[in-house]
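Form predicted alone, single chain, as structure tokens, below.
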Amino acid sequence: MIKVVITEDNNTIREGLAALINGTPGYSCVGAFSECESFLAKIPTLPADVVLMDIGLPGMSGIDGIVKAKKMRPELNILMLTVYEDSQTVFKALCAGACGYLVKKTPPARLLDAIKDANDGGAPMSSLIARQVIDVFKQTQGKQNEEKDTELSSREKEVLTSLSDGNNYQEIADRLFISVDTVRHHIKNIYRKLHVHSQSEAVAKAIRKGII
């Protein structure tokens, strides 16, 4: 028996969800609340497996509610069921500790499958939400790769710093006890990593990024 708790401020939706869950073999609604505060007060004694949580609630938001609930019951599976579909809200909820994210227009059969999936350790999401998660992940990875590409070695930073001081190649070589050819090699790498084509561009970008 999967024990489900509902936190939803719309009476019609809350009662409809409770009726759906209680009317399905293998599922039981063990609590229904109109706001987070009441739900959180009952958490210690609620025999819950999965929580269906709205976001736009009176008083404390569902996202803040997740954070507090997970502190009290880390093992609790909290599944968002909301009207919000924007990627920023999705990620806030997932980062707060939600195990899955569905929109309220999800068909009843799919919702029941998602509750079972969450109870079994899965991360149920609608296809649109999953696509947003993948897109944001790709963007994040792209930024991380870009930052990684611009990481300069300690020697390259020394060369660039010396360059910013107005030294020419020979002066940099003498200062760092390396050959002029080695200086050229480092500067070539600096240009490639910073995506620039001149000394002034390299110095300006390095200062702007806080590299030197």
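The first residue of the sequence shown is number 1, and the count goes up from there. Small disclaimer: the values here were computed from a predicted structure and weren't measured. Between two forms, the rigid core is defined as the largest C-alpha subset superposing within 1.5 Å.
Although not depicted, the form predicted in complex with the DNA is the subject of the following passage.
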### Query
Looking at the DNA in the predicted bound form, is some heavy atom of each of 169, 191 and 198 within 4.5 Å of it?
yes
### Query
Tell me which of 153-161, 51-59, 33-41, 64-72 has residues with heavy atoms within 4.5 angstroms of the DNA in the predicted bound form?
153-161
### Query
Any chance residue 165 has a heavy atom within 4.5 Å of the DNA in the predicted bound form?
no
### Touches the DNA in the predicted bound form: residue 174 (any heavy atom, 4.5 Å)
no
### Task
Flag residue 28 as yes or no: does it have a non-hydrogen atom within 4.5 angstroms of any non-hydrogen atom of the DNA in the predicted bound form?
no
### Query
Heavy atoms within 4.5 Å of the DNA in the predicted bound form: does residue 178 have any?
yes
### Message
On a rigid core superposition, would residue 10 pass a 2 Å threshold for CA movement between this form and the one not shown?
### Response
no
### Task
Take the rigid core as the frame of reference and indicate whether the C-alpha of residue 46 shifts by 2 Å or more between this form and the one not shown.
no
### Task
Indicate whether residue 70 shows a C-alpha shift of 2 Å or more between this form and the one not shown, with the rigid core used for the fit.
no
